[in-house]
Ligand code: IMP
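Just one chain is shown here, as structure tokens, and it is the form predicted alone.
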């Protein structure tokens, strides 16, 4: 394990300990711990799954980085989903698509989950829950990874006991552990939205794979005899953004009461981030994505979101940390091939902490009236003796990158590495070296974040799968 990883794990455990000693609720503590776990292990998501009192099913009680639709995909049977965990074993899955110990493989594929690690959560000698982390790239979890996650599981057991005490559940300290632990509503139970606009907003969040919780918390606004006489419950909480959202589609004069409550909440709880969307804001938001009375159609041509904005930005930061570590003491030259790479390269270079420079080149592509690939814009920099990092948006067949690498090697750089945001390995014809990979994707035609189809879609902030019917048209 690298020094950077050790430091990251240490800092995460310290943060968790500080959170546990704070005045926040047990459930709030669990959410903070689970989120810190995913961040420290540099994985896409994490979840704490509680065994129900009958020890038949696993129910999510805290999660980070996983969309609500994935958490509500169906109850997990504890005896069928990684049953070895109930025997006290840590279980690592390298390939979620082929491992038969996992339930709902289709949902895992849709969520882009490639590998996962699961450890038991034990309280008083009995397994009461499971702690899982999910990776979007195939990953061999190390012994240190397992030890770190097991330590977090011990912390979760302590918080769950605190939760039992907070809720004053029947049974007392000597009752069977399973009966003492909190029971969460089934994650697949249908949500009863108070207004159709809330349901439509939830669908919009699901489409863009933004995690949300409906009516998660009530805030006291006024008190009488030390008891809350007026409460306010925001409609949505977006964990990734740490943002509460309250919708109102009422006329302005009727929305005054909600405005008053939001202002009061901000005064009493200045650390709470809340946004009120009035009727005009709400319709404009929907129209931006082609929905509602101001929109004409859905996001035309996009079948589904493959990688959300937050996923992309999180991975870009991780790649930048790795590059900064590997080029410590050197000044790399980043080279991008126009045009698709410009979004990725611009974001990547902003997070690199070592001195660096950048240059661009352009080449002709098949079907552009040239008989063979050729350089249409050469580099402005002499790369002889330089440490060169080739930055790509996507590598599929490998033919283009193979040509570019041969061209660059002939100019005698001191070193030459490759960083790509997307690796479509299933389409590979020529093996090319990839030193840094953002995401490995399947055989799908993707657009957005610089990638285009016939010159369009480059400006989408996410990466989406293009509707096959559009390409066949």
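All of these numbers come straight from a predicted model, not from anything done at the bench. Positions refer to the first chain, counted from 1.
Beyond the structure shown, there is the form predicted in complex with the named molecule, which is absent from this document and is the topic of what follows.
Novice: Among the candidate stretches 381 to 389, 399 to 407, 76 to 84, 344 to 352, which one is within 4.5 Å of the named molecule in the predicted bound form when only heavy atoms are counted?
Specialist: In the other structure, the partner sits against 399 to 407.
Novice: Evaluate residue 57 for contact with the named molecule in the predicted bound form, applying a 4.5 angstroms cut-off between non-hydrogen atoms, and reply yes or no.
Specialist: No, no contact at 4.5 Å.
Novice: Against the named molecule in the predicted bound form, would residue 161 count as a contact residue? Criterion: heavy atoms within 4.5 Å.
Specialist: Residue-level check for residue 161: no, no contact with the named molecule.
Novice: Decide whether residue 444 counts as a contact residue for the named molecule in the predicted bound form under a heavy atom distance cut-off of 4.5 Å.
Specialist: So residue 444 counts as contacting the named molecule.
Novice: Residue-level contact is defined here as any heavy atom of the residue lying within 4.5 Å of the named molecule in the predicted bound form; does residue 145 satisfy this criterion?
Specialist: No - in the predicted bound form, heavy atoms of residue 145 and the named molecule never come within 4.5 Å of each other.
Novice: Identify, from the list 96, 320, 247, 395, the residue with a heavy atom within 4.5 Å of the named molecule in the predicted bound form.
Specialist: Result of the distance check: 395.
Novice: Work out which of 417, 35, 27, 424 lies within 4.5 Å of the named molecule in the predicted bound form, going by heavy atoms.
Specialist: None of the other options qualify; the answer is 424.
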